[in-house]
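Before any questions on binding or motion, here is one chain by itself as structure tokens, the form predicted alone.
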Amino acid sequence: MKKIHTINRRDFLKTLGISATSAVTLASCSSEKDKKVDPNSTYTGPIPTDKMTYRSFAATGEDKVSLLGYGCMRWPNLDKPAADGNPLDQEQVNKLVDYAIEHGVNYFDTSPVYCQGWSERVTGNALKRYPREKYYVATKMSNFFVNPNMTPQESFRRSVGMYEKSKADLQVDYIDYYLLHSVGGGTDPIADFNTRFVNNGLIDYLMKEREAGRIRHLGFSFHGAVELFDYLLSKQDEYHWEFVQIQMNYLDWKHAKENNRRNVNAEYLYTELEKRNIPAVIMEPLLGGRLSRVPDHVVRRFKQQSPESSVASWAFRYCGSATNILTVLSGMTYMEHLQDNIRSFAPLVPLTEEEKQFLYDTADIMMQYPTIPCNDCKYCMPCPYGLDIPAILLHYNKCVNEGNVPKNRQDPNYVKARRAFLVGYDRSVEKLRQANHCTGCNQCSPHCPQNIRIPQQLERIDKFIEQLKQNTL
């Protein structure tokens, strides 16, 4: 293990067979042995095969998209990679895709950099068994390798190569929904956008591909600075965005900016798209699972309101109830999650105004608890010093939700909470991957879509852990 503490990020990625640029958006695929299904996130009942709710482009009536979309960044993993390096369990992916299509799901969202670069290929293998008109595939121009030091010619060549490889891996002649991936980051978001897409002529090329029918709909996925979001919408007459992917849920509707000053409240994003009749595709309806793993007193609040409904179903119904939504993405690793989400949309029962207010009130209550806005996307990984950053942050959040983060030794729950935090920490995070090994190199923070100041959070958590260990809180 000593070697991992001295290796730099680039060399560490090479040992895993991953390029440094692909590591920007590595996704959190899961193995069956790591399966954890929250009993509060699912509920039992019949699963209809013919009741899925569909949405179309309002202006043209084009397409018939399932309101539940399959996010392909969390496919199940094998216990160890196959001989060709593929870490994903193709057999399990096929079963999930089969079940989804059988129950009306027809929108599949992926990217060249999801699941260590294997998501498109595995998704393509699963979908090719069906007639092409049976599904819509969405993927992205994830050209994070582009930088100001690269010539426009090289940037264009490599970006077009990524686009062509996406079609090859997905085994399709055209892409239904193509996105400029994760725009809005960096210290100068507009300059970054122009470097990735404009100065190299790439956006002009992609619009020509749309004219030729090899891209059916062109849009972008947004994270970060509102000035870029406004700028891109101001260019609507030039670019003709046909859909935009945004982060939306009942907590982020009004509280996203409170979680992080660089975030944008979903209320603003959605309203601006609705004004222009640009359909929204929703990502993070559960905030990486945080809205299904809520504090116990919030679970009780939901169960009092509707005993038979899962906690997660409230979040999905919230997103689906907005009329300018084309589809709501969920990264469903396990069959139980897929089944529960199908129930939420087959058919959708829109929220009443009273139910929406109940969720907004719930969000206000949840904001009183200082969880870290980690969505377990693993964009921060791999850490060059071996830390399991998401596991550390998620354990902290879990303890906050369960009331196991005591303020001081006078806390009536101190002994129980101290033990639960420390024992759970060692079980959730290997010793050599814990927060005390953080060097503060900050190679993780620039990749975080939630703009978490990760080294500062790890330092704070490590200090808290030491106080618990020494009984000095």
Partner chain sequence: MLRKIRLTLAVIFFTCITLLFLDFTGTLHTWLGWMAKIQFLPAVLALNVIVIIALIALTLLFGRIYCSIICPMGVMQDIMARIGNWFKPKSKRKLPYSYSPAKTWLRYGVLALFIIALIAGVGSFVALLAPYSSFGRIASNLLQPIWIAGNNVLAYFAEKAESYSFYHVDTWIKSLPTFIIAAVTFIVVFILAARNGRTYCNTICPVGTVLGFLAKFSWFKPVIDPDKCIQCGKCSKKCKAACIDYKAFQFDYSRCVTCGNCIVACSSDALHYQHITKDQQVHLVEAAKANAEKIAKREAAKAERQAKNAEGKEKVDDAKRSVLTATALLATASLAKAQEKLDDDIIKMDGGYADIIEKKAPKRLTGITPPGSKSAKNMYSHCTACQLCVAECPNGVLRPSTDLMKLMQPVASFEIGYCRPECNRCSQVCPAGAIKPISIEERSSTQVGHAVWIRDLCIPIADGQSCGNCSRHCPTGAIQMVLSNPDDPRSLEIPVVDEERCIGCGACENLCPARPLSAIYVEGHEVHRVI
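A quick note: this is a predicted structure, and the numbers were derived from the prediction, not measured. Numbering follows the first chain given and starts at 1.
Form predicted together with its partner chain: not shown, discussed below.
Among heavy atoms of Ser445, none comes within 4.5 Å of its partner chain in the predicted complex. In the predicted complex, at least one heavy atom of Lys378 sits within 4.5 Å of a heavy atom of its partner chain.
Proximity of Cys383 to its partner chain in the predicted complex falls within the 4.5 Å heavy atom cutoff. Proximity of Arg419 to its partner chain in the predicted complex falls within the 4.5 Å heavy atom cutoff. Here the chain stands by itself, but in the predicted complex one stretch of 405-413, 60-68, 46-54, 435-443, 435-443, has heavy atoms within 4.5 Å of its partner chain.
Contact here is defined as any heavy atom lying within 4.5 Å of its partner chain in the predicted complex, and by that definition each of Pro112, Cys115 and Glu466 is a contact residue.
Scanning Asp192, Asp176, Asp388, Asp89 against its partner chain in the predicted complex with a 4.5 Å heavy atom cut-off leaves one residue, Asp388. Checking Phe358, Phe145, Tyr205, Tyr231 against its partner chain in the predicted complex, a heavy atom within 4.5 Å turns up for just one residue: Phe145.
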